[in-house]
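Next up is one chain by itself, shown in structure tokens, the form predicted on its own.
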């Protein structure tokens, strides 16, 4: 079983993280996760490149999961996201 702590440790070891949310969407069995990552490391990369990067970082863990989804933003995109939510 994969834990949110395992995912967090792997992501934080690979890139500088500004904001990270990890949600177990499998009702606690650790087979489905959704991650939301904000990092300066995503600057200049398109969404596909960002997702491929995270997939590579977590490839061992993802192989043990049933489902995995992700959202990746740059710090500027995250600020815009927060502003939109506040409006």
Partner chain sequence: MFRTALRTSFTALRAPARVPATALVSPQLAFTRRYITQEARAKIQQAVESTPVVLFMKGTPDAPQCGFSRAAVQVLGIHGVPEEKMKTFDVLEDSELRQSIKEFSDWPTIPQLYVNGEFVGGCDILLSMHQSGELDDLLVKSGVIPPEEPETTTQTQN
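Numbering follows the first chain given and starts at 1. Just so you know, these numbers come straight off a predicted model, no measurement behind them.
Same protein, other form: the form predicted in complex with its partner chain, not shown, and the subject of what follows.
Although the partner is absent from the chain shown here, 47, 52 and 55 each have a heavy atom within 4.5 Å of its partner chain in the predicted bound form. Among residues of the shown chain, residue 67 is one whose heavy atoms approach its partner chain to within 4.5 Å in the predicted bound form.
With a 4.5 Å cutoff on heavy atoms, residue 62 counts as touching its partner chain in the predicted bound form.
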